[in-house]
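To begin, one chain is listed below as structure tokens, in the form predicted on its own.
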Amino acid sequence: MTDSTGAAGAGEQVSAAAEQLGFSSKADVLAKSQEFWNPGKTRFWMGTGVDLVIDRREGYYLYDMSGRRLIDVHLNGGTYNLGHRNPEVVRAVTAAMGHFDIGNHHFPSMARTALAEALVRSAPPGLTKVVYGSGGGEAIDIALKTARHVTKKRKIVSIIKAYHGHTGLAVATGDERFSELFLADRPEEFPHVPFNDLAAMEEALRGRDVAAVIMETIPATYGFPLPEPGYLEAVKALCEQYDALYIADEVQTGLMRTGELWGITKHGIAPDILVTGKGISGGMYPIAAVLLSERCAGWLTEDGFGHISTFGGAELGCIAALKALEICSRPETRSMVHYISDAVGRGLRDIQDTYPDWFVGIRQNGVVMGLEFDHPQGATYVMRRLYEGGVWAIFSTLDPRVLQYKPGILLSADQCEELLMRTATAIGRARDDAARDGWRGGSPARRTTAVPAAAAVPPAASGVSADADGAFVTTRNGRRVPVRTTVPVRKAVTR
């Protein structure tokens, strides 16, 4: 046995799952991963000190093969929004396996139809039809093909440093690191403009030859830079002015992560097309969906076989998605997100006050958070120390100054407190690491204003209640936890 975060003892046996798959040790997995799976990715993680091989997983915890326990605030881009192996989703899928399987994509289906109706009823106004994919990249491809069909135009505008997936059309909308690798960069058809630059956006649209603008409501892989007030609304107005469609990529910002079911609704925007993925799977079965306006859905009548996807809308995936959507739509879930947003946001600001020269920005909208550091690779330093300290969060691929920090939407008060304590320790140690490597803090603190959260009132269903003055909450085990968490920033975490 190990303690909550420490490595396994030298004589510890591998798990039953490892034995079943024929692995003798963690080192065996890593060696064969390099040989048979992805040598570049495996070596990269080992080189950064993150030798993670996930074994058991439960709720918001991951367990490495060594026995190390990690609080997961990466969530695989929001796939584990509801936690790993959420019991309600597991029960729904397990029960469904007694009747359903993947299904046949050619025919009407009870599960696909039920999910389509639920998605439309949950959606911003004007979205009336649903098309399924097996993952977010495929769903983006469907959205882009749809935009080209309805407008009879080819150009798709996205932002510089965007990320919308790695499939055929989706990869062309993203950063050149990925599009050029496979000769998918086509600037004449997929122009990119700077984020938050309305003049550049209007210049790209002025020729009236653009089919659609595709935007993540908050660009994830770019480090969650927040749209300036009025920016997204103005982009939508420009789309209407120049006859282009607005595609809202809600793969990471949807499903209550911003405190609303769909992040785009916080801007009062009714998109022409909305894409969801990752978290809609409940973390249990791959599925993604594209929601279309009636205008955009014309090809479904013209040629319903226009997009064929054997695993798109797999029936077991639809059952998982129905349960995930229902959990995310509960009033108590919304309340919990607002509580977590407030508690974690306050705690992070306390930590920032301790290290203002190093921890220079907090980008936050609900539980979508990017932590900015005063070093070109600052987030990689912090990521490594978090990993050692029992937390898994990932740097932003396209801006490694920024750590993607994404608490789950059902995180408990105790878990918030523990997460902040471990985060404080890791940030302090990472600062020392960077200083030893020659970093000298020079820029003043540049705190990014967070989007205000609603009152921190945890739902009764969570087992957490607030004191009258809102200063403390009481958990199921009777502990009183301060909402404004006081973080022991210089005390090492016991492992």
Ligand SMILES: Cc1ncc(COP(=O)(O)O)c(C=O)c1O
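Throughout, we count residues from 1 along the sequence that is shown. Only a predicted model underlies this, so the values are computations on that prediction, with no experimental measurement involved.
Absent from the display: the form predicted together with the ligand. The rest refers to it.
In the predicted complex, the ligand sits within 4.5 Å of a heavy atom of Glu216.
In the predicted complex, no heavy atom of Thr146 sits within 4.5 Å of the ligand.
The ligand is not shown here, but in the predicted complex it comes within 4.5 Å of a heavy atom of Gln252. With a 4.5 Å cutoff on heavy atoms, Pro407 does not count as touching the ligand in the predicted complex; it lies far away. Heavy atoms within 4.5 Å of the ligand in the predicted complex map, among the stretches 128-136, 115-123, 227-235, 199-207, onto 128-136 alone. With the partner omitted from this view, the residue of Ile273, Ile140, Val367, Ala320 that lies near the ligand in the predicted complex is Ile140 [heavy atom within 4.5 Å]. Interface residue among Gly263, Gly390, Gly313, Gly165, judged by heavy atoms within 4.5 Å of the ligand in the predicted complex: Gly165.
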